[in-house]
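Shown below, as structure tokens, is a lone chain in the form predicted alone; questions about how it binds or moves come after it.
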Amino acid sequence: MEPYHRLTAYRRQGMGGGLMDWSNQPRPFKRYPTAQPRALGDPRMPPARSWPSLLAWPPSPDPAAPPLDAPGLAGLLALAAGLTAQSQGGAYLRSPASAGALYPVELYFCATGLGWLADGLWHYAPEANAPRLLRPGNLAAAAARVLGGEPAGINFFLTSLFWRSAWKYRARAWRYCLLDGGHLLANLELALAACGLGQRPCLDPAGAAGGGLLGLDPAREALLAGVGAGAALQDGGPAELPAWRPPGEEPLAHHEKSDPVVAKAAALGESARPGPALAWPREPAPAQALRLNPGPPDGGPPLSRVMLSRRSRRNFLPQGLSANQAALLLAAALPAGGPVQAAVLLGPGGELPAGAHRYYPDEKALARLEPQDLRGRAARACLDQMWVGHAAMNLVLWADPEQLAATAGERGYRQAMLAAGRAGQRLYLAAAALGLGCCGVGAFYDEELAAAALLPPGAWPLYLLAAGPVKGKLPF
């Protein structure tokens, strides 16, 4: 994936011009005229509190949650990917973050043996907060063939429609598709746990088998990840299915286009069979690193309210963070090590030392690299969006390409970008639970941001998130 990442890197002197074709803007919802959404009733939100889920990895099923039924599934889907607000410009906002509010990620699931919902493949319609049946039948074993493990009662699949993002971001769109996939994946994992369901995430699904199960056109839509949930089944149906075509869709745009760079990058990271969770190398924190002690507030807001109130907020105040706020933000975003690493830029005025730091998730430790405040440099690297430098914290998620290749080959890039999006969404939620603002940035001059965050030579910045106190009254 190195050629793709370098090809799509932004450089200050190499930015091309061009305008978006507003007459050909992608429609925000994927619709099938012959498959109508199946109403589930008013959503029932789970009672889980925020911090036990945000600080755990993986999120533990809430034992107080009632058995999943139709209203519970409606609540789960709303938390994972539902509509939450409408902007002044008319655009609908959703529970997961999305670059440019384009929402390229679609959510499907296979249900088996629920009793109150027909067996089959369902596609989630966020505009109705309801699923539509695309393919009836017992598909649990076929889903397990895609995601690994034993056949289960409910299996979720995250895909990405390239044109939704490529319309604005062109060849760099695959980066945003993966980050947005990580955003929704984090929400789905937390929603499943809040609903009392154990889960088995798969960041390396079998692409061809998954495309056949879901009826995807590989030139325009790719399977990103999946999650198996619910009890294991003895009868999962056939593992291999006959060829199938989904119901006809409404056109995504007047002239849906294909970017060959994006399509090639998506195919390059695809796996022939489901891969297991990988053990990523973890470097210990230096002895002099500052150990953080994240202590969650007593009680805290319900997780469902936090997820539904999440917004991108960037009207930052010139204030710092308390030591506990910083510790909670970092522990929620990165509760365990993985394919991404973290640089933390802190400004003055907080309880932790200002400057550039490296964060070690397993030990919840910060090692300071430089006492100088580098947030202004990071803001200039983020296409001169100076509000970035006003935030109390800049979290720069990055990866070592050599480590990605050695551990996972071509699949490593996909896993790292998904992990960065997952961490970003969790940071959004932790900030919301603390009454702080957060806003992610995927557009930056790559080499300049790497230098501003003091990344090691050759490291790739993947995502920057700014967080801190903001103006105005927040929900919590």
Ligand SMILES: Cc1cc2nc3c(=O)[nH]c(=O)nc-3n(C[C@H](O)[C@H](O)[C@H](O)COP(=O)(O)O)c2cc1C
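In case it trips you up, residue 1 is the first one in the sequence shown, and so on. What you are looking at is a predicted structure, and each value in this text was computed from that prediction instead of being measured.
There is another form of the same protein, the form predicted in complex with the named molecule; it is not shown, and what comes next is about it.
A.B. asks: With a cut-off of 4.5 Å between heavy atoms, is residue 413 one of the residues that contacts the named molecule in the predicted complex?
C.D. replies: Flag for residue 413 set to no.
A.B. asks: Counting only non-hydrogen atoms and a 4.5 angstroms cut-off, does residue 97 reach the named molecule in the predicted complex?
C.D. replies: Yes, residue 97 is a contact residue.
A.B. asks: Taking 4.5 angstroms as the cut-off for heavy atoms, does residue 93 touch the named molecule in the predicted complex?
C.D. replies: Yes, residue 93 lies within 4.5 Å of the named molecule in the predicted complex.
A.B. asks: I'd like to check something about residue 405: if you look in the predicted complex, is any of its heavy atoms closer than or equal to 4.5 Å to a heavy atom of the named molecule?
C.D. replies: Residue 405 lies outside the contact set for the named molecule.
A.B. asks: Going by heavy atom distances of 4.5 angstroms or less, which of 135, 310, 377, 145 would be at the interface with the named molecule in the predicted complex?
C.D. replies: Of 135, 310, 377, 145, the residue with a heavy atom within 4.5 Å of the named molecule in the predicted complex is 310.
A.B. asks: Which residue among 101, 233, 253, 278 has a heavy atom within 4.5 angstroms of the named molecule in the predicted complex?
C.D. replies: Looking at the other structure, the residue within range turns out to be 101.
A.B. asks: Looking at 236-244, 382-390, 332-340, 119-127, which stretch has residues with any non-hydrogen atom within 4.5 Å of the named molecule in the predicted complex?
C.D. replies: Heavy-atom contact with the partner occurs in 382-390.
A.B. asks: Would you mind checking 432-447 for residues with a heavy atom within 4.5 Å of the named molecule in the predicted complex?
C.D. replies: Going through 432-447 in order - heavy atoms within 4.5 Å of the named molecule in the predicted complex - the hits are 439, 440, 441, 442, 443.
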